[in-house]
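Read the single chain below, which is given as structure tokens and is the form predicted on its own.
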């Protein structure tokens, strides 16, 4: 048998169920590997040695029995408050809804996944725990806000992680780190004990190495089977401007190649009201970002404080305007999905930028990474639909590239079918790539 950490999530779960792998030995090996590898990427700053062993002792015989995972700092645990990447406890210790789903499936929470401070960034460069490095090059961004989840899975520290997604926060780091990131449909999981409960954008997500692992983890989180089917005959829509046009040419070429390899019928789409999405997301999302108490604010970084204070000053009239745009965009997407099964475009417009200066170079010019990143992903949060990022290659910088797929409300299974088909038609070349840190 391979080293237990190098087994996929499905392989770990199957081996434990069959008695081929001792869950206690897997847990010990996982704790050891985090201690050996994580210093350079800072993906898992808090480890629960005693609590994880207690969880394993009580784990029911579910689909994930004995499998170690990490949980993003946006979800409260029975023994630890959620801090949202800050220095202070912000949600009291409790068994949050998503935690309960994974616990009931037998999963073992082994640590906290690092995240961008207060979830307010797409790079992972700011956190009370320190920035998150990318296993492909620790001097580059792991992404945000779920950077710790993506970097831990990519580095083979754990085979799966519970993430969240308010404007791309699961899909963006998955793209940067070369793993699969699935954002669930809004409201599909209990939201108690989760920071997403206070927004109309956020949804839990899962990060895993490939589509099959993401399917297993998402099925447990949704508490319903996501039965696999063939993704070979899907109709795929593409929207050229701005999602394909204003991206790094290498990423555009890799995405086009992935669609050709898949053999899907590609349909050119035009979705109404796209020019209003950015303003609607910003106006609604910043209004929902409630400022914490003064003592918590004093501990936050200047960029995070500035965004929170801007939210307090945003005129209330922006909210109903944003909601009218949201309704129009949902209707436009529903119309588009009458013609296609999924919609595809690059997940991140560039490969991961440097942590020291997280700006990106695009055909339209240079920019801080957050704006272009959210342009690619936030429409799924505005509309509530599920989305996934699938690895499609390595950039000339030797950093991963990801293709994003979007599907209608509740159709996570279709996204996973598409992801697995894409993996198979590329001979699993890209999901099997191993970053230097894990070799």
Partner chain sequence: MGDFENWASATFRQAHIVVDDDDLAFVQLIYVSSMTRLSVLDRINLDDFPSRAIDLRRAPDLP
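Numbering follows the first chain given and starts at 1. The structure displayed is predicted, hence computed values, not measured ones.
The same protein also has a form predicted in complex with the partner chain, omitted here; what follows describes it.
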Could you tell me which one of 224, 302, 235, 260 places a heavy atom within 4.5 Å of the partner chain in the model of the complex?
302
So the partner chain isn't shown here. In the model of the complex, which residue out of 266, 95, 328, 271 has a non-hydrogen atom within 4.5 Å of it?
328
Check for me whether the partner chain, as it appears in the model of the complex, comes within 4.5 angstroms of all of 306, 315 and 335 - heavy atoms only.
yes
If contact means a heavy atom within 4.5 Å, which one of 176-184, 84-92, 276-284, 149-157 is the stretch that engages the partner chain in the model of the complex?
276-284
State yes or no: in the model of the complex, is some non-hydrogen atom of residue 200 no more than 4.5 angstroms from a non-hydrogen atom of the partner chain?
yes
Although the partner isn't part of this model, could you tell me whether residue 100 comes within 4.5 Å of the partner chain in the model of the complex, counting any heavy atom of the residue?
no
Report whether the minimum heavy atom distance between residue 310 and the partner chain in the model of the complex is within 4.5 Å.
yes
So, residue 297 and the partner chain: in the model of the complex, are they within 4.5 Å at any heavy atom pair?
yes
